[in-house]
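In the block that follows, a single chain appears as structure tokens, in the form predicted alone.
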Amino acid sequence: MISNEYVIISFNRIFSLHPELMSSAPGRVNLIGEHTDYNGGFVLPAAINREIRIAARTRHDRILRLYSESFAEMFETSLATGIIPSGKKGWQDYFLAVVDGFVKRGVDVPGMDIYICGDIPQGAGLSSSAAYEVCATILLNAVCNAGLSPCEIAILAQAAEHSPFVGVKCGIMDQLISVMAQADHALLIDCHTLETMPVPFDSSRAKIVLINSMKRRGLVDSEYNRRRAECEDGLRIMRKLSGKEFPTIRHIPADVFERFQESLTENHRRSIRHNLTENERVHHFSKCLAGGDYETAGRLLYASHESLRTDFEISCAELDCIVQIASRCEGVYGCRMTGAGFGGCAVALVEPTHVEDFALVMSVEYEKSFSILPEIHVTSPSAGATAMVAR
């Protein structure tokens, strides 16, 4: 976590002034429910103890100055001439997309000096981009006194990522958990209705351990879009075969899928099967967490990984290796890949007394296989985004 003092000192170093407001937004790990969000299904993410932080001070002109610590780069534009993408789809465009979202709502956004920093690993599947969007949205909500509700903040942040400034058609899960997370709770999200329910997580029984494979997810954009298209096509075909206008894949009854699955292509059949079974696992896993049954919850993590590996086909040798190593370690309830796939992170639930040994074994065994040390992060479910006066 990044201290308020560090953010204030850093802002002053760049702008020679004291910030007025600060915001923070956590990254997330999706415990279970992968590639179900854009299919109207269920997910169960938790916020992690890594975050994006932004500090701001309003200006008396219409100039917007953004400084990114991660890129050691300043960007400046005038709000008087309208919000125009940089053309790079870089770090500055995420913030500009959020500003554009407020302007389109009729909110008067003032000129500002902005300092941006964070400790969420980029490209690891821990949702650094969504945390950045939420952090910017919750900051501007406070600066402009816009009065957006938590759900509206998540929706505006998601719209920023969908916009031409960024151009990624993500689901709503990442933004919702970053806004609505509670400490020591996961969050069950119905991605069709956007209804949420906190699910207690007993951190004395289990720690969330994130294992970064260090493999950059180079295939994500093309393969993500292909999987999404297969799901959309599969839903369209199921509607035609059954004569029922199911709103999403999540709404297809299991018996209807069984009846018509042989009429689907292999890819469509696997995509729908993964979604239907994954939604069942999410509900079962949530009940296990609430009831303290971490052994069964762990088995569901392994089952989720197997479905993602064989039905949805988005795992890779590195992620499979992590899961295999975890399955041999004492004190590990379960493990699976998490995120878009083809690299990034795996998540494991581990008994607290075994976390240190698990991290050591994982590091040694993974390095033997791939000649690189994985990054390992240990967390409990953290609280969600917030804005505060800079003191």
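Numbering starts at 1 and runs along the sequence shown. Everything numeric in this text was worked out from a predicted model, so none of it was measured.
This protein has a second form, the form predicted together with alpha-D-galactopyranose, left out of what is shown; the following refers to that one.
The three residues 33, 173 and 339 all sit with a heavy atom within 4.5 Å of alpha-D-galactopyranose in the predicted complex.
Only one segment in the set 165-173, 143-151, 293-301, 258-266 has any non-hydrogen atom within 4.5 angstroms of alpha-D-galactopyranose in the predicted complex, and it is 165-173. Contact annotation: of the candidates 358, 38, 67, 333, the single residue with a non-hydrogen atom within 4.5 angstroms of alpha-D-galactopyranose in the predicted complex is 38. Contact annotation: of the candidates 102, 201, 224, 115, the single residue with a non-hydrogen atom within 4.5 angstroms of alpha-D-galactopyranose in the predicted complex is 224. Contacts between 65-86 and alpha-D-galactopyranose, taken as any heavy atom within 4.5 Å in the predicted complex, involve no residue at all.
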